[in-house]
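Encoded as structure tokens, the following chain is the form predicted on its own, with no partner shown.
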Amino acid sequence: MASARRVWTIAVGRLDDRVIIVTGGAAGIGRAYITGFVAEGAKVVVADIDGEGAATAAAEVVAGGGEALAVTVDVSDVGQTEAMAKATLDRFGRIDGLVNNAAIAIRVKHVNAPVEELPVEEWDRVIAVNLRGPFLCCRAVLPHMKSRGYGKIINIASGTFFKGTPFISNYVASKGGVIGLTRTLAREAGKSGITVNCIAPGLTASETEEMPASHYEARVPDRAIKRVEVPEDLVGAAIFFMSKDSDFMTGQTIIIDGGVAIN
């Protein structure tokens, strides 16, 4: 499988001493965000329903000379998201950024079916994590961000929303809702010095994906950039949204899919 892996190294320290929570940060794309943020000088909170995985990822950051906290969290649970915010404040004293990356992806024990055949409980399960989750995480950190007059929130959507990908209506609807949440929250929080932006990845291959290489390679012909998308392709945009370079940019969605959405 073709890929373009990159190694992120500290160059300008655009995120020096910033405290950033990444949900779903234990592996895959979330882990790539963690790596990129730490390379730019950030302190990170690895928040994941996989507590053991979060602890391992945080330990790797510390072993490399960075600062990290592992938190076990189910983002669909009010109490657990509030505990995540409290644990971050107890450890670091502030919350500068939040990346709402945790999600039930279309590959995870999903039912691929038309709307009339999709079980209601399957719809509810995906919406609970993919849309309720970002809402609850934002809700948990916003009081602190507003009190400081500063904050950066990145919501993670999906290129499937722009394509209207069939037979995964729950997933597509959840990611469309994330874009809507991003826009309205940007309006609400802007006066408090908080930016809220969104990244919409294309189909991305990572070590957490249990799919054959051909699954990702099949998307390449649709792309303007003719290769498989990997987690590192998303990191630069996340660093930009977390840095001062994007201080006057809010409510926006960047599609990172190698050019699929322009077709």
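Sequential numbering from 1, following the sequence displayed. Small disclaimer: the values here were computed from a predicted structure and weren't measured.
One more form of this protein should be noted, the form predicted together with a small molecule, which is absent from this view; the next part is about it.
Residue heavy atoms within 4.5 Å of the small molecule in the predicted bound form occur in exactly one stretch of 95 to 103, 145 to 153, 186 to 194, 112 to 120, and that stretch is 95 to 103. The three residues 44, 141 and 236 each lack any heavy atom within 4.5 Å of the small molecule in the predicted bound form. Distance criterion of 4.5 Å from any heavy atom to the small molecule in the predicted bound form singles out 129 from the list 129, 172, 181, 85. In the predicted bound form, the small molecule sits beyond 4.5 Å of every heavy atom of residue 35. In the predicted bound form, the small molecule sits within 4.5 Å of a heavy atom belonging to residue 50. At the 4.5 Å threshold, heavy atoms of residue 61 stay clear of the small molecule in the predicted bound form, well away from it. The closest heavy atom approach of residue 228 to the small molecule in the predicted bound form falls outside 4.5 Å.
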